[in-house]
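Have a look below at one chain only, the form predicted on its own, in structure tokens format.
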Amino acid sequence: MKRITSKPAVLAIIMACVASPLSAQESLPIRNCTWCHGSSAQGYTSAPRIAGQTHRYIENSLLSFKSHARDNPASKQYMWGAAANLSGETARGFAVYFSELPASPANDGDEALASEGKSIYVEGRPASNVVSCIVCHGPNAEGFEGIPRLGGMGHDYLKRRLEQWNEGYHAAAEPMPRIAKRLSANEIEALASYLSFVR
């Protein structure tokens, strides 16, 4: 099956799915996303960058919000309602659209900790039984299929996600809850800082 890659074609799919009379530029569903994630989907402090994220991960995340598997406080407050009426086809349309937007790094971490964060990302922490992040997320933190892109994500968002796994949220997202529990607060800070600078 031929993959649809042009943005106009994807927008046409999205508009057909939601049966909205608005033009592609006035797409209410897209505006709903960009109100929180930014007009170019580069995110804000509390809302992650979704431009350039892997399409499978975006799709899976939307369906996880709908099923309430993503159960951290921000997901409950914002995304459960936003995803409540999404069909699988609409979730896929959003996912493809946002995955094809150009990503740019947040560059908002602590530069002094980036070197330590890179060491954790590349080498893991064998003494704590923490495997290298490269194994799943790739050498440039680009992600693959349902595994998210981490490169360039906002420091605060990445840090909070790791902390929340440690707190027991989204426990089904193995192996991340186990990994997060083995990272110290300083290691989480360093890792989130490093990843915010990755292009």
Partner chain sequence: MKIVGLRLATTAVFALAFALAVKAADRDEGGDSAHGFQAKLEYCKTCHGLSGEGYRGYFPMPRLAGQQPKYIENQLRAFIERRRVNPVMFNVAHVLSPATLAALSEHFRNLNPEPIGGGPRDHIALGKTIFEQGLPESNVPACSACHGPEAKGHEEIPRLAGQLFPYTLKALSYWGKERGVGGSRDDTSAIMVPTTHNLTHEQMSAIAAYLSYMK
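No experiment lies behind these values; they were computed from the predicted model shown. Numbering follows the first chain given and starts at 1.
Separately, the form predicted together with its partner chain exists; it is not shown, and the next lines address it.
Although the partner is absent here, Pro102 lies well away from its partner chain in the model of the complex, with no heavy atom inside 4.5 Å.
The closest heavy atom approach of Ile179 to its partner chain in the model of the complex falls within 4.5 Å. Heavy atoms of Glu89 never reach within 4.5 Å of its partner chain in the model of the complex, leaving it off the interface. Residue contact check for Ser132: one or more of its heavy atoms lie within 4.5 Å of its partner chain in the model of the complex. Every residue in the set Gly138, Gly143 and Ile147 has a non-hydrogen atom no more than 4.5 Å from its partner chain in the model of the complex.
In summary, the region of this chain contacting its partner chain in the model of the complex, judged by heavy atoms within 4.5 Å and restricted to 115-123, 67-75, 80-88, 94-102, corresponds to 115-123.
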